[in-house]
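Shown next as structure tokens: one chain only, the form predicted on its own.
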């Protein structure tokens, strides 16, 4: 099986390529580049990427696919469909399923379901502790042999420094990255939004920025002590970003990710009590959003992820205090990055590819991903940076519609997603040079 992507503009930071070239993929792997006009080999499918950007496949390090156990919210198949519709060729599935992914049987189940769906690559992330209870380490070695790519207790931060130290030391022995949701629960307990002016105005209990920052500082200190690879999930505050910045300056193996809602919205959006503005970490104040922009510019932030967290409409219809945290994000993340980061000049297209493809592959050690080098997997995200479009949640590929971005118009989107040399998604409004749908 051969696929030739012609007339596109290739951006691949791993090779320093930023130029117009054709790309040939055969039997799921990259064969190489060719100058334009060379023609297609026999028995080759051709994708005309005129006017489009061709990038290594985007990788979302942080998604919730809900299966097994919560299929009424999402399944691996529907989540993978939403992923490829948003331009993500690979997603890393959090372990907070039912049962929790703390053993190789659940890991293998996720891998088999993903293979059956045949859409995005799904890489399971295992739990740090059994049942994500924070009390006893899970069998990381057995899970790694089954296919996990990292460990985390996800929305349940590891409660004690002693347990986290042991987790980092144990994970290091299996060359696994430890990912943590930074939140001191004793400070955050009962909070439903960012603690500040707007929580006071709205009469809602706040989550202080310090709750995130204390855990971020703890994890960076433990990374220095243990020498482990540590990844901080959905960073959203000035102090947490500064902790990462200091860790990097000391040569520690500390990385972090940021979510589109943490640069697209502020806590003022909670004013209407729309539970689609309720997520954890919460929407922050303008000062924290500005800090996120600066960290994206200066390289402190390593990756963009979505924290895609589908919830049933009945759950989100509860009062703000009682509704669950989380929103969907797979279909809006790339569009928000192009619209809110690239077009205003906060980051370049090349930096976007680093944040969404190159660095995520490195952080979780995903071999032959995040690059278009010869022999790499033929995973490709094709972007139209200038496409004007409006997101309509009612047409989402996800099972759930809990998003604050329905009705938002954006400039720029992923228009085709290629996984292992197969075109698994193509936006209907993509046209050829004569304006005809392709």
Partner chain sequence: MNNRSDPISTQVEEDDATVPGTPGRRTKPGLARKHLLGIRELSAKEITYLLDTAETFRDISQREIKKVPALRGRTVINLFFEPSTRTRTSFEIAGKRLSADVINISAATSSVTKGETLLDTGHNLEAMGPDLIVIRHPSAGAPHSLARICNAAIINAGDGAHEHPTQALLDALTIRHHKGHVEGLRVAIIGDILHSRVARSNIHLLTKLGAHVTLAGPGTLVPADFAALISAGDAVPGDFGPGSLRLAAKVEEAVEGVDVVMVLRIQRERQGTAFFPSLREYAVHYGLNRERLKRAAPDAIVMHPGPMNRGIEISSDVADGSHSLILDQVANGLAVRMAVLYIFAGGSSTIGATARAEL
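As the structure is a computational prediction, the values presented were derived from the model and not from experiment. Numbering follows the first chain given and starts at 1.
The discussion below concerns the form predicted in complex with its partner chain, not included here.
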query: Per-stretch contact check against its partner chain in the model of the complex, the hit in 216-224, 317-325, 236-244, 154-162 (non-hydrogen atom, 4.5 angstroms); finding: 317-325
query: 4.5 angstroms heavy atom contact with its partner chain in the model of the complex for residue 272; finding: yes
query: Interface membership of residue 204, its partner chain in the model of the complex, 4.5 Å heavy atom rule; finding: yes
query: Proximity of residue 293 to its partner chain in the model of the complex, heavy atoms at 4.5 Å; finding: no
query: 4.5 Å heavy atom contact, residue 196 to its partner chain in the model of the complex; finding: yes
query: The single option of 105, 115, 200, 287 touching its partner chain in the model of the complex, heavy atom within 4.5 Å; finding: 200
